[in-house]
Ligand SMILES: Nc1ncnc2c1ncn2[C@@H]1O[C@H](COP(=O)(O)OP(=O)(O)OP(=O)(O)O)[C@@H](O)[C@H]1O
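Only one chain is given next, in structure tokens, and it is the form predicted on its own.
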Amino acid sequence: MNHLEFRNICKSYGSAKALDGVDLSLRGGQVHALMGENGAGKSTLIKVLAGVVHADALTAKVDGIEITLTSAQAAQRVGFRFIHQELNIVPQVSVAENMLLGRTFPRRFGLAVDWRKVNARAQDALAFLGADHINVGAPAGDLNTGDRMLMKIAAAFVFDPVTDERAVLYVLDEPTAALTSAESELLFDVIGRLAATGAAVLYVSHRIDEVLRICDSVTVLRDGQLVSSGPTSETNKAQIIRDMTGRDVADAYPTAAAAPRPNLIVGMAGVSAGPLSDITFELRAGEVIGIAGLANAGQSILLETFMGLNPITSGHAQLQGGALPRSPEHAWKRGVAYLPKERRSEGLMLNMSIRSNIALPHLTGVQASVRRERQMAETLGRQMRLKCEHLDQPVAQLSGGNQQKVLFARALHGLPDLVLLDEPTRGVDVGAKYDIYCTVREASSKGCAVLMTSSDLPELLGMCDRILVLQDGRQAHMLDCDGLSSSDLLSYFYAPKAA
């Protein structure tokens, strides 16, 4: 079994210390969790191990032998494998090509690419993960979100018998963020098999219940410093939250301030739109309705309908007494705000500043003035407890949770009539989650109507007044959340619609 030691990891960006003397010890055959709030230093530590960020100080050893991590290739050669959170893919090329990106493609006679071997290596890796339903020849852009994540995970298991060393470390960064419960179970089985090979597994997750279930030990960072490290059997959920945040965070959801108001925001009667059918519900000011169901039941598509991206083919739909918006631009002008599921690829301009990202859909209202943009961003950033160096900082440099807060700041400018939230806390730590929950409650208390999707059933039950259940694009149930448990809600995903 391998023993990996990383000592005195330091990395600063100007005066900001991203990592301040962090020690990390990993053992082969074990799963070790790395936890912390967004901005705690987890991403920087992973990038140091991957060789894509050079530490200011670091002593790294594998089985007592010192190694250098000066490049991604160096990390690959020593046997480090990485599965990153963000679903960055090349959508126009095949699944197999995406899985072998960054590697030397096998060739025939040293000339043409041997596509048979390319596809075979990709298929073997998917089969190892238990995801051989994915067609390696299909364009990667055709995959749903869950299968894209499975493809990214399987890419770490592609093996070149000529150039690849045996893996000694697998680093998984929020791997279950885009997976269903069934897909997550597949992954947990694979993690167990990886550990059984003698490799160390570093598991980065905000999901404390997952960590306590599958990990042997846990290290917690806060503000770039090591707070605690030890066996999971010697800690608990409350202690991990205290270590992450430096305070006790209520393991609950903020209560609704008032009952929904009588004025109708959304009305739908027998609506069909694309794959959706039989959608009938009303949403009033101050009300929060969840959209739930099995994976790809139509949750995101229903939200996109209110952005003008999914034209209605039959039935009647209204927003504030008028027709639904014709386009995203029209939707923002009509008081509809939208947080997409994929914040990096669908919601943010990563190379633009925080200030510009917040102001993006509101440029007419602020007259594209830098001063007005800055005022707006400062006010909304404070409300969201946004952690950043300055508002001109590129949003790509922020942690995932703070990127999500930028999207919320953008959405809540001007207090919209309707807020659409697609997996609003995916990949967000427990402290930032509670901030987001409070923000949603505050917006609804001021009269915003909210539609939200989430694969986290307790989150839906804790935040919503009612839950609309979809089955294969058809509305099957509308449930009141009072007295409803997670198991009750899950049972409705399968229960046929009452006659």
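A residue's number is simply how far along the shown sequence it sits, counting from 1. This is a predicted model, so every value here is computed, not measured.
Another form, the form predicted together with the ligand, is not on view; read the next lines as being about it.
The closest heavy atom approach of residue 228 to the ligand in the model of the complex falls outside 4.5 Å. Among residues of the shown chain, residue 9 is not one whose heavy atoms approach the ligand to within 4.5 Å in the model of the complex. Interface membership of residue 51, defined by any non-hydrogen atom within 4.5 Å of the ligand in the model of the complex, is ruled out. Among heavy atoms of residue 79, none comes within 4.5 Å of the ligand in the model of the complex. Note on the partner interface in the model of the complex: the residue among 145, 94, 235, 399 having a heavy atom within 4.5 angstroms of the ligand is 399. Between the ligand and the residues 43, 471, 444, 454, the one pair within 4.5 Å by heavy atoms in the model of the complex involves 43. Stretch-level contact check against the ligand in the model of the complex with heavy atoms at 4.5 Å: of 456-464, 436-444, 62-70, 35-43, the positive one is 35-43. Taking the ligand as it sits in the model of the complex, the stretch 184-207 comes within 4.5 angstroms of it through a non-hydrogen atom at just one residue, 206.
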